[in-house]
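Taking the form predicted on its own, here's one chain by itself in structure tokens.
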Amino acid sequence: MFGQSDLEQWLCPAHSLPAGARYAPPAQRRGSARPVRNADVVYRYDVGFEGFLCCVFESFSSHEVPFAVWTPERETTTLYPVKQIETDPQKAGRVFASFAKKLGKDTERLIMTCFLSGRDDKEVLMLRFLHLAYATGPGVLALLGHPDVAPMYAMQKHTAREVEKWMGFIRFEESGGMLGAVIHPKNYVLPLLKNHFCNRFPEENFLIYDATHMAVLLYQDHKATLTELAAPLTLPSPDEKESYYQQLWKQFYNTLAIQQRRNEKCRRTLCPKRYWADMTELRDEL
């Protein structure tokens, strides 16, 4: 229906503008006979893009925007009724096919990138955007300051920036002939990092473990797989040889530093502290 390669096409225009306005459903603005209402209901769906697409199907079928959309991991106590949205590949396929056909490829890529965002309210923001997008058409992307559009660009921009950071900050360790790295991203960035590292190390076997989302990107024998785990993964401790090379890297890093020109504020701006625990040369400074 839709492939992993679509998720990797994340480079589309990025703008971050504050919303600054209360949401009003687009059908009500246009005076439609079938208004979209803000519903006092919570959608609950199984984790995955197909599950979210079924939430889109339900939202348009019921002409409503739910109060919240949860996955089982984000479920909490609520006084609102909870509507379980079952994953139906046929419904998901119909919704996904309509993105490119009715909204355009750029909008399709924006939606898929925003789904990788780590924001807890991303699904509701995406549903609001989609109701506006189907009422407006492909031109919705030009409404940069619209309160239903600006959050989409903000999520896309935040995710793209984090991908760029991890391209430079991932540190591999060698164990048993395989390279391994652990990261703690805010967004689900592994699908967007896949092509970069597979092209950079085409002859190596490696894995990147996303400890935040318990997912692994494994590249072995020139084949890449992305797998979500049921339990946390612990990588082997570095052996004597690996520890020696890590010490050499730290010494190289410290030797290049010019103490008289240290600017901690600038360093934390270019390399935020939340990345340091996963960087060989900086984790000791935490």
Partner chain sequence: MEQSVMDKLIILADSAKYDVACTSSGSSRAGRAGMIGSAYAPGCCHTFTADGRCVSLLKVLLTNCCAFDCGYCVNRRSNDLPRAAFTPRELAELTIEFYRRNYIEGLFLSSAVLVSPDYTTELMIKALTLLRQEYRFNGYIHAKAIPGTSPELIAQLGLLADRLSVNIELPSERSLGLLCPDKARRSIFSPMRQIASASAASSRELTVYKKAAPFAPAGQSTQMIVGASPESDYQILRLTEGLYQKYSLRRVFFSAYIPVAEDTRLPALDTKPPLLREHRLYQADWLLRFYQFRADEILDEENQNFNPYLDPKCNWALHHYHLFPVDVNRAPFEMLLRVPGIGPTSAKRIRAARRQASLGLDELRRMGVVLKRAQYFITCRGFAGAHTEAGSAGRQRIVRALIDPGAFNAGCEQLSLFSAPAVQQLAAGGMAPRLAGKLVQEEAITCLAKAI
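Being a predicted model, the structure only gives us computed values, none of them experimental. Residue numbers count along the first chain shown, from 1.
Absent from the display: the form predicted together with its partner chain. The rest refers to it.
- Each of Q247, R262 and M279 is positioned with at least one heavy atom within 4.5 Å of its partner chain in the predicted complex.
- Although the partner is absent from this view, P202 contacts its partner chain in the predicted complex, with a non-hydrogen atom inside 4.5 angstroms.
- Residue contact with its partner chain in the predicted complex: E228 places no heavy atom within 4.5 Å of it.
- Among residues of the shown chain, K223 is not one whose heavy atoms approach its partner chain to within 4.5 Å in the predicted complex.
- When contacts are judged by a 4.5 Å heavy atom cut-off, L207 does not count as touching its partner chain in the predicted complex.
- The stretch in contact with its partner chain in the predicted complex, judged by heavy atoms within 4.5 Å, is 167-175, chosen from 108-116, 125-133, 167-175, 70-78.
- Though its partner chain is absent from this view, in the predicted complex it lies within 4.5 Å of a heavy atom of just one residue from A97, M214, V82, L144, which is L144.
- With the partner omitted here, the residue from L192, L103, A150, I183 that has a non-hydrogen atom within 4.5 angstroms of its partner chain in the predicted complex is A150.
- Residues of 250-276 placing a heavy atom within 4.5 Å of its partner chain in the predicted complex, in sequence order: Q251, F252, Y253, T255, L256, A257, I258, Q260, R261, R262, N263, E264, C266, R267, L270, C271.
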